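Just the one chain here, the form predicted alone, laid out as structure tokens.
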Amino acid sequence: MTTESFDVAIVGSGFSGLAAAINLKREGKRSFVVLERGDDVGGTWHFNTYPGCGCDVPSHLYSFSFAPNPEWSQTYSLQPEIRDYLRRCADDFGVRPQIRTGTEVTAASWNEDERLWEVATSGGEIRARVVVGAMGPLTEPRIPDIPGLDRFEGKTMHSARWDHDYDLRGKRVASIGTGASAIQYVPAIQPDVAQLHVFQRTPPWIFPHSNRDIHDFERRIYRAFPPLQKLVRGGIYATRELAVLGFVKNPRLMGVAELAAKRHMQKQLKGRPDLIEKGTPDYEIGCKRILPSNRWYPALRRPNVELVTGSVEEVRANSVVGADGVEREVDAIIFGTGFEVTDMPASRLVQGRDGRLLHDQWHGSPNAHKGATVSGFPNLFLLLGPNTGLGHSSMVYMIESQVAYLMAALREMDERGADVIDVRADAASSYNAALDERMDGTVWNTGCASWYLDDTGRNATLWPDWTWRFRQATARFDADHYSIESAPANAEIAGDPAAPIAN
């Protein structure tokens, strides 16, 4: 196979990858390619197609600021609508020609001699001066290690790899996990299945869902007066940002939120003290992700649903055994067990200087300077990297902040005639130490076991402050925190940054 060269290689075509590609396209002077293992763009919103799949951030905020969509049908969009929005963005902003679907990255290695990245893919090798990791944290499904699972003779699937060819009607189903995905698919499949056993290790805090249809006249107004939709977006952002007061600044304020969640549960489970007891969390609200739903509790009340507390202890050929020792015969097992967020499987594929794996560099605790760069991995930029996650607002805001930082870094390299840029270890260490200090005292560090925490117990997932402060921190490229090396005289750089973008 022929080896191709580009200035920038982007891995992933979800919100992050498309934002980077669109900005590069707008700049108009760099050769770039987007490598996508799926058969279309969309990332999380391409792969997650389970029944009831949707977003718990309002539609007007969960979209690109530069691509408002006046056609949203609901205030909180479902997966097909978000997926279609991203596909339209790829088309409308002209980045489709640079996207290679069905192309999986299998390794990425820094070549110190040639000062570039060698990226192995299912479609051949690509050489790039800069690699942008836009895989996102909700990529690799997490399947728990349950004794006997390999001997199960029925159907198994993870919510992120839903098999729509498998007919659940009339089936006995075990659903494992009660996180964000299960909260959505359990009520959706409950009417169809014969029996549904919901295994819950830890109950979630659940808020009433404020979703509603967006009326035709609203959409007409947004089309006619785009500034109004921008104003609505700003109002939603400001309202969401107020949650930082409870999550970060003063967790005691979360008591008000806890009261609202308890009232919601008691109202929807009235007359079912057994379910109220099972469904009441024993940890501070906000320590784990708060979930919005008006359908979860009613689904648990249905006669064909059993809420089983505790984990699945064993799987047998045609049954599952819970912590209560009861064997329950099932035809299918569905895992709503989330993703490998802090482990980041892709880190095992990335080799930096001296052949060091990113996974080994992190020692089980991912960290990056401004969530983007890691010392010893030159010209590598992560989007939605460590400590850029949110518990209250839109990740698209964080993505656009990081893409601005990426573009500023590329311009800095151009202005200096540099071909290598590597964050200094002391700068990255200082940044993360300050970040960890801010994390102390937040609601996320009140003692519960959540997917926010890595193997060391550190919160490697969330941003512990106002989101506008992250935007401030990424508004300019802090070149003084980097080692910036110029290309040797007469060196040939892969993918001339001045080369025109292919049409």
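Sequential numbering from 1, following the sequence displayed. Computed from a predicted structure; not experimentally measured.
Missing here is the form predicted together with a small molecule; even so, the following discussion is about that form.
Engineer: Counting only non-hydrogen atoms, which stretch in 428-436, 244-252, 407-415, 195-203 is within 4.5 Å of the small molecule in the model of the complex?
Structural biologist: Residues of 195-203 come within 4.5 Å of the partner.
Engineer: Would residue 142 show up as a contact with the small molecule in the model of the complex if we use heavy atoms at 4.5 Å?
Structural biologist: Judged by the heavy-atom cut-off of 4.5 Å, residue 142 is in contact with the small molecule in the model of the complex.
Engineer: Against the small molecule in the model of the complex, would residue 289 count as a contact residue? Criterion: heavy atoms within 4.5 Å.
Structural biologist: So residue 289 counts as contacting the small molecule.
Engineer: Counting only non-hydrogen atoms and a 4.5 angstroms cut-off, does residue 55 reach the small molecule in the model of the complex?
Structural biologist: Because a heavy atom of residue 55 falls inside 4.5 Å of the small molecule in the model of the complex, the answer is yes.
Engineer: Just checking whether residue 366 would be counted as a contact of the small molecule in the model of the complex - the rule being heavy atoms within 4.5 angstroms.
Structural biologist: Judged by the heavy-atom cut-off of 4.5 Å, residue 366 is well away from the small molecule in the model of the complex.
Engineer: Work out which of 297, 362, 377, 339 lies within 4.5 Å of the small molecule in the model of the complex, going by heavy atoms.
Structural biologist: Here the answer is residue option 339.
Engineer: Exactly one residue in 401, 79, 184, 229 has a non-hydrogen atom within 4.5 Å of the small molecule in the model of the complex; which is it?
Structural biologist: Of 401, 79, 184, 229, the residue with a heavy atom within 4.5 Å of the small molecule in the model of the complex is 184.
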